[in-house]
Ligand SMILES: Nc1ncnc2c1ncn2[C@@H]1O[C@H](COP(=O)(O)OP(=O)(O)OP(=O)(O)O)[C@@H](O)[C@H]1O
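Before any questions on how it binds or moves, here is one chain, the form predicted alone, in structure tokens.
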Amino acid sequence: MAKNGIGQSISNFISGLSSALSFGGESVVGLSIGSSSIKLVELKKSGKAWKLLHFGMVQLPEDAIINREIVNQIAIIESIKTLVNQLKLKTKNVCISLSGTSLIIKRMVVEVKNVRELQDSVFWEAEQYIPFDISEVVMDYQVLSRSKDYKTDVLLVAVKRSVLESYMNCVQEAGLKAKIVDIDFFALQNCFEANYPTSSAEAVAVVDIGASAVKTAVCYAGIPVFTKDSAVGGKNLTSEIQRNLNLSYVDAESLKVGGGQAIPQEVSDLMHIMGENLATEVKRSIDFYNASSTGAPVSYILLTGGSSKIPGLSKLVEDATGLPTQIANPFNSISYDPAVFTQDYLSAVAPIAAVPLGLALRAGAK
């Protein structure tokens, strides 16, 4: 995250880089490898603001990524190459991100007198939270605060080395360089902070509803004080349409997103049921945050992700949680050339652009 350096510290360690590396004066690129598609955002500094140069997306074959782990490396590599060629991308350095069950994010307090012993204490404490062999993970942490009684509040991130390397290898084989590896939650916070200036005393929930997961990040005082990753998403709806209408996966997906045709009533009914299920999942996350956190209560909810476009979902989430809810616009504070991007186009792609845009902003952080 640009504001407090959490994203910078963690991502630089994960990608094996030093903080001295930067993207210099060139454009910055965020590459989001999701479970159903790959999205790319390229930005360039324009005065004090960022300007959108490129946005692109390519769909992945079914099951190329399962449980956020890459299964079909060839499909990922070829899809990235296709995207790069379509956009005629010149910049090779990109910022990517990770999510899923191979990733552990934990806020914890350790007590240590000597700061030089802090890393050993954090990593020793971390072992009890990591469900993998400690030799198979990459870890880093960021200090959030330190009190006079030597209690240090830290945010720990750990990821399975094999998963990290598979993502980085695919990017490299596609001819790019993963200069920074970040976290989806931090990318969402970056995007939120850049587009929605808010009081430091106000907590806001940014909820990314993707193909295979609902990712909730409660942002408070420049920190993602709460994160939750739930394994439910738009693919569940596609599967229900496929099963109920006896269609292929491709045809079911086409019906779900409209496909230029009227949506059958049966599909509309399934969408409403799925919307209610997703709203319930969001409510669970907010309730869990309220029950487990001493931070400020959530003021409002911003929805992102491809499945946030399910008709009526904002209203369903608002009714379930009792909180004002809207679809986030990651281009609120991003300039663009109207000869290249129409307002209708940006409105259409806004729900799926939050994570890659947040990654591009991370790449451009000083």
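Residues carry their position along the shown sequence, with the first being 1. Remember, predicted model here, so these are calculated numbers, not experimental data.
Keep in mind the form predicted together with this ligand is missing from the figure; the text below concerns it.
| Quick one: in the model of the complex, does every one of Arg68, Ala213 and Lys309 get a heavy atom within 4.5 Å of this ligand? | Each of the three qualifies.
| His54 near this ligand in the model of the complex, any heavy atom under 4.5 Å? | Outside the cut-off, so no.
| query | Glu193 near this ligand in the model of the complex, any heavy atom under 4.5 Å? | reply | Glu193 lies outside the contact set for this ligand.
| Using heavy atoms and a 4.5 Å limit, would one call Glu281 a contact residue for this ligand in the model of the complex? | Contact check for Glu281: no, nothing within 4.5 Å of this ligand in the model of the complex.
| message | in the model of the complex, does Gly34 come within 4.5 Å of this ligand, counting heavy atoms only? | response | Heavy-atom contact with this ligand at 4.5 Å: present for Gly34.
| query | Pick from Asp140, Glu125, Glu253, Glu78: which has a non-hydrogen atom within 4.5 Å of this ligand in the model of the complex? | reply | The residue in contact is Glu253.
| task | Name the single residue among Ile134, Val257, Leu87, Val109 that comes within 4.5 Å of this ligand in the model of the complex, judging by heavy atoms. | result | Selected option: Val257.
| said: Just to confirm the contact call: exactly one of 125-133, 149-157, 88-96, 202-210 touches this ligand in the model of the complex at a 4.5 Å heavy atom cutoff, so which is it? | reply: Result of the contact check: 202-210.
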